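Read the single chain below, which is given as C-alpha cells and is the form predicted alone.
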Amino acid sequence: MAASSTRHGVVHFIAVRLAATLALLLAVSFVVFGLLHLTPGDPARNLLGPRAPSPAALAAVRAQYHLDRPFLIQYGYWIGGVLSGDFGHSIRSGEAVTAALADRVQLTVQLAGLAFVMTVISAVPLGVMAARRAGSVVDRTVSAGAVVGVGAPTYAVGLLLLYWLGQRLRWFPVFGSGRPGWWSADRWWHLVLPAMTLAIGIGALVFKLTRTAVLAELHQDYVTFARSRGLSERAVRALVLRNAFIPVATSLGLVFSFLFGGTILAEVTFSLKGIGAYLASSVTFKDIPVVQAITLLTAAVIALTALAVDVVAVVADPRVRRRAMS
C-alpha cells in the first residue's frame, strides 16, 4: 500500500513538473515570437533584411508570415509551424532554418557532450578526493587551480590551448570541425581542444560544488555513528557519496544546459560551425528567424534538462521525494 502510494505521488509530481515545463516553454515561445515585433521598424522590412524592398516583395512577405493579421493569430501560425518543425527561412541565405540548424545542432551537441564527459571524469573525482583530504596539500593545490579555472575567460583559455597544444606541440587540430558524423573520429578529434576549453572553466565550478557537498556529508552525525558501529571506511564512503549525489547531480544537469547554450565563445575561437557561432552571426545580421529558432531551442534544452534533474532527484532520494509529495 505504501509503495503504491509512493509511486502515485512520484507520478503526480512528474506530471505536475511536466505541465509546468510545457507552460514555461509556451511562455518562452511567445516572448521569442515577440522579438520580431520588438525590433524597430516594419517587421516585413526586418524579414527582408538590409536590402531595399519593392512593394511587391513587402506584400509577399506580409502574406507569407501573416503580418496583416492580428498579433495572436500571427503567433498561432508561427507556433503551429514550430511544432511541425518549420522555423521559417533565413534572411541571409534564404534556406529553411530547420535544415540550416540540423548539422550545427549536431556539432554543438557533440561539443557540449564531450565537454560534459571531460568535466564529470575529472572534476567529480577530484572534488571527492579533496573533500576526503580537506586541508591537505592536495586539497589546497587543486582548490587553488579551481579558483584560477573559474576566473579564466573562455576565449583566453582557448587561445592558450590553441597555441601550446595545437600550434607548438601539434597534438590537436587548430581549425575547423573535421568530417561530419556522430561516429567520425576526425570530428571528435577536432573537438578535443574546444571541449577542453569549456571543461576547464565549468569543471572548476563542479569541483567546488562536489567538494562542498561531500565535505558537508562527512560532518554529519550519521557518519560518526556509522564508524562507531564498526562499519568499514568503504561502507561509510558509499553512504556519503550516495547522500552527496543529489546536489552533485543537480549541478551536473545545470552544467550540461549551460554548456549547450554557452558554447559560443569556444565555437568562435576554434572556427566551429555550431549553433553558438551561428547565433552570433545571425544577431549581427538581424536574421530574426534564425535567432528565434536558436533561442527557443536553447530554452527547450535548459527546461527539459531541469525537468530531468528534478525527476532523478525525486526517484533517487527518499528525502526529496517526501518533500515533493508533502
Partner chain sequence: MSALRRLGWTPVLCGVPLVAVVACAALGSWLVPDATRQDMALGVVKAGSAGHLLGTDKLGRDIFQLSIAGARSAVVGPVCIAIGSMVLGVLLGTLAGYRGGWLDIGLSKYADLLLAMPTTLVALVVAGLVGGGYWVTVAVLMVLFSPTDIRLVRSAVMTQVTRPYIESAKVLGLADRRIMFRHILPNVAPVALATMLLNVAFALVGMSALSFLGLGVGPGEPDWGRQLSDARKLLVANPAAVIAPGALIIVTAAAINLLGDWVQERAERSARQR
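Numbering follows the first chain given and starts at 1. Bear in mind the structure is a predicted one, so any value in this text is a computation, not a measurement. Throughout, rigid core stands for the largest set of C-alpha atoms superposing within 1.5 Å between the two forms.
We do not show the form predicted in complex with its partner chain, though everything after this point is about it.
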item: Options 152-160, 189-197, 94-102, 244-252; stretch whose heavy atom lies within 4.5 Å of its partner chain in the model of the complex; value: 152-160
item: Close approach of A59 to its partner chain in the model of the complex, 4.5 Å, heavy atom; value: no
item: F260, heavy atom within 4.5 angstroms of its partner chain in the model of the complex; value: yes
item: Q167: touches its partner chain in the model of the complex, heavy atom cutoff 4.5 angstroms; value: yes
item: A185 within 4.5 Å of its partner chain in the model of the complex, heavy atoms; value: no
item: Its partner chain in the model of the complex: contacted by all of L38, S271 and V291, heavy atom 4.5 Å; value: yes
item: Among the candidates V148, V117, L83, A238, the residue which, in the model of the complex, approaches its partner chain to within 4.5 Å (heavy atoms); value: V148
item: Sequence-ordered residues of 295-311 touching its partner chain in the model of the complex, heavy atom within 4.5 Å; value: T295, T298, A299, I302
item: Displaced residue check between this form and the one not shown: G261, CA, 2 Å or over, core reference; value: yes
